[in-house]
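Here we start with a single chain on its own, the form predicted alone, put down as structure tokens.
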């Protein structure tokens, strides 16, 4: 095959693939244009996760009529004039590829009006070609409507994920920009229903509450002014106290000069600032903004503009780590908890105050709620017969087995018991306890779609929830094992589990929900148990198919063999 120059439409579609990956890419580019245009109010309307319809409306400066068509030409931009300008980019957009790329793979309608003009302009394009242009009335600003994304590139369209997944990506972009630009009012409408609105009053704390909810948004620590400046690098933002953490790094949001970026080193700097402060495998919630002179950072790295390079990467790393560490160490409140009780054995006849008693499986199976009708049986991986000796530190159950001493983590063990019981009953429905009055709970915009999409699954697992407008839900009933729990905490725990689950497999989604419920329902460390409660928990653990780990993979017990005990006491064989 000889060398040839590709037709313009083919070249445009190839180039568009670098900029427009999915519907959220379209939203990102259009919102960035609105911000660069000086908008104060940005409204985003989406249908079917953006596959069929996206509309972004702003009140920015608009585009003069003479330049409307030129705006859709590749490499047409008002933000650069020469190659030297690439060294000091101060706008979000600059490549002049966004509108051309979007128009090449969709049907686009733009209505725009510059403030100094009396009438606006409407232009319509299909596959990058202009099919209509005329005058149109509207206030100053711009509205861009994108329909049938990838209609002319079916190979790209079939790789799009479900509507819910695409909606999550869109919400993730918009909530990040709401955090970076608190003086802008962002309104998000999915399938005709408003799901998110930022106040637009410049108060970052109010945006944090709108994005993360009152409990998390109100608890985040602001990086103090005295901890922000390191040479020419200024670090601002909010970070979580050590008591608030998540299962992955996805809740760490980074901005560089107002641009959301993905940077492994900066993320590691935030995580490293929490060294020794968080449990293994847990990560903070953070919104960190780094500001430095434009010439100190190169944003022209990737067409999507989410990667940057720093002239002094080590200096930026140190500045971020130092600012976050000072904030966490100096600003985190001291937990208000009673001093831990000394390690002790729990006597059989020691009275337990009523308010300290907990509901865990009793020794008699008939008295155990949700107890599956299983008999203890010897099986590979099962437990040997255990005799309860007592409890140490109000956290670990001490038991004797035929081959040594066992220390059982009561929380992890109870989680495993509840998990297997609920998974056994999930098909026929988990027993639930109806609340006297429904409780309204607000979840973050990113996980609200996941909760709404799984209402039937939640109901089958005993958690009856219904939408109540925006990101609010009504909790009407709880699983019976959570009858005394706070409904808001239960739903937030389950919502977090759903938000971290990307699997389309229904069973895996159910497992994530059940794990969230069991984590909240299980007996906690520090709770004193009676001997009867300890024996009931051990008998129930013996019935489990996988008794040696909790649903999250932590061990439920450790064993100290008779030989190890003899060695520690200096007893040789025969002595």
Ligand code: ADP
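Numbering follows the first chain given and starts at 1. Everything numeric here is computed off the predicted structure, so don't read it as measured data.
Omitted here: the form predicted in complex with the named molecule. The next part is about that form.
Legend entry - Residue contact check: residue 536 to the named molecule in the predicted bound form, 4.5 Å heavy atom: Heavy-atom contact with the named molecule at 4.5 Å: absent for residue 536.
Legend entry - Partner proximity in the predicted bound form: residue 76 to the named molecule, non-hydrogen atom cutoff 4.5 Å: Yes, residue 76 is a contact residue.
Inset, instruction - Find out whether any non-hydrogen atom of residue 62 is located within 4.5 angstroms of the named molecule in the predicted bound form, and reply yes or no. - result: Yes, residue 62 sits close enough to the named molecule in the predicted bound form that at least one of its heavy atoms falls within 4.5 Å.
Legend entry - Contact of residue 223 with the named molecule in the predicted bound form (heavy atom, 4.5 Å): Result no; residue 223 lies far from the named molecule in the predicted bound form.
Inset, instruction - Note which of 386, 184, 98, 423 lies within 4.5 Å of the named molecule in the predicted bound form, where distance is taken over heavy atoms; exactly one does. - result: Here the answer is residue option 98.
Legend entry - Heavy atom within 4.5 Å of the named molecule in the predicted bound form - the one residue of 94, 268, 283, 468 that qualifies: Exactly one residue meets the criterion: 94.
Inset, instruction - Sort through 517-525, 539-547, 34-42, 47-55 and report the only stretch with a non-hydrogen atom within 4.5 Å of the named molecule in the predicted bound form. - result: Partner-contacting stretch among the options: 34-42.
Inset, instruction - For the heavy atom contacts within 4.5 Å of the named molecule in the predicted bound form, list the residues of 121-153 involved, in sequence order. - result: If the 4.5 Å heavy-atom criterion is applied to the named molecule in the predicted bound form, 121-153 yields only 142.
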